[in-house]
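Just the one chain here, the form predicted on its own, laid out as structure tokens.
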């Protein structure tokens, strides 16, 4: 029976989950894999605050260098987070001859090539299944299970906080502020939720997935992002009347040699699998030229789902599979393509457009006229009784149109005297085409 020494650096929520699995499930893991992971250290600068797992005192340390210097530690699990100290720590671990396992999406999205190159120079590996979608083995699916495919599309719900907020707004009619407060009360959102609700967390994850799927070098600036903070319950309600559910989607496309990478609120057909993903769950739809569409859904955050993926990576490193993958897979081994990014103005999508307009004749004709001049075809119109004196909500959905044309049309409509209030644009997935947006 092979044993592998493990040092955990970072004793927060995820570190606690990993320690629990290693301490409580070592025998089962050994029987299943022929490799016994043995917890050697748990390192953190604060070892006094209560944790939900009991770790023997002799395994606790506040000295990371002690973990890196011990020859009995073969795998270092980094759960510190961030893209500065954590990156330096991982590079030191690699240089010391350790394999690294991490859930650090920020480090990988911002400095991934630097880390992978350091691993290659050291002859070691960096495994990162838990960095995207926590308990869903989406990295393995793309890297290994779909290797025969030329992947052309990814569509994902990659942030549980945003999905919970939008689910509550859809199911209860809650305001954005009310749904966010509930998410915070339940522990699904941070006190400062900006990273999640701005779409930045999802942006990091999409950069990792798209780079892996398309074998490309991707910078965060290549990924367009819009968050959910401006979403109004009325738009969710109007979308539901039209047969759509609102989700924050990560969308990556590879078409005609160029990539399109974006994160934004999107209306999804109510009958599609993506629309049924509720609460804090995540989901990813992957499209390959041979297999077609494959769909993955499960817990996208949390102590034990994340720990589940980390421990799977520990086993991969322990049996040598992670090192072989790092040596042979082009994206990890430094053979990354440089692909052009399709400008946002050139993407094509369907659109939900909502206008607060004056309650007078000729309004629809004026707005439709502008859309028509910009080659935008109207698919449906929804109009209700005035919400306030002399102000009527007008909802228009379009057929597929070019983003640049829609932006130009909205700029012109903004100047029309018939507009009495807000104007909203939300992109839509086409019915029965879950892999397109």
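Numbering follows the first chain given and starts at 1. On a predicted model such as this, the values are computed, not experimentally measured, just so you know.
Heads up, the form predicted together with a further copy of the same chain isn't pictured, but that's what we're talking about next.
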Review point. Counting only non-hydrogen atoms, which stretch in 187-195, 269-277, 351-359, 230-238 is within 4.5 Å of a further copy of the same chain in the predicted bound form?
Key: 269-277
Check your understanding: So which of 97, 173, 145, 178 gets a non-hydrogen atom within 4.5 Å of a further copy of the same chain in the predicted bound form?
Key -> 145
**Study point:** in the predicted bound form, the residue from 225, 259, 74, 311 that sits within 4.5 Å of a further copy of the same chain by heavy atoms
**Key:** 311
Review point. Heavy atom to heavy atom, is residue 33 within 4.5 Å of a further copy of the same chain in the predicted bound form?
Key: yes
Practice item. Report yes if any heavy atom of residue 401 sits within 4.5 Å of a heavy atom of a further copy of the same chain in the predicted bound form; otherwise report no. Key: no
Review point. Is residue 200 close to a further copy of the same chain in the predicted bound form, meaning a heavy atom pair under 4.5 Å apart or at it?
Key: no
Exercise for review: Check whether residue 320 has any heavy atom within 4.5 Å of a heavy atom of a further copy of the same chain in the predicted bound form, and answer yes or no.
Suggested key: yes
Check your understanding: Going by heavy atoms, what in 331-345 lies within 4.5 angstroms of a further copy of the same chain in the predicted bound form?
Key -> 335
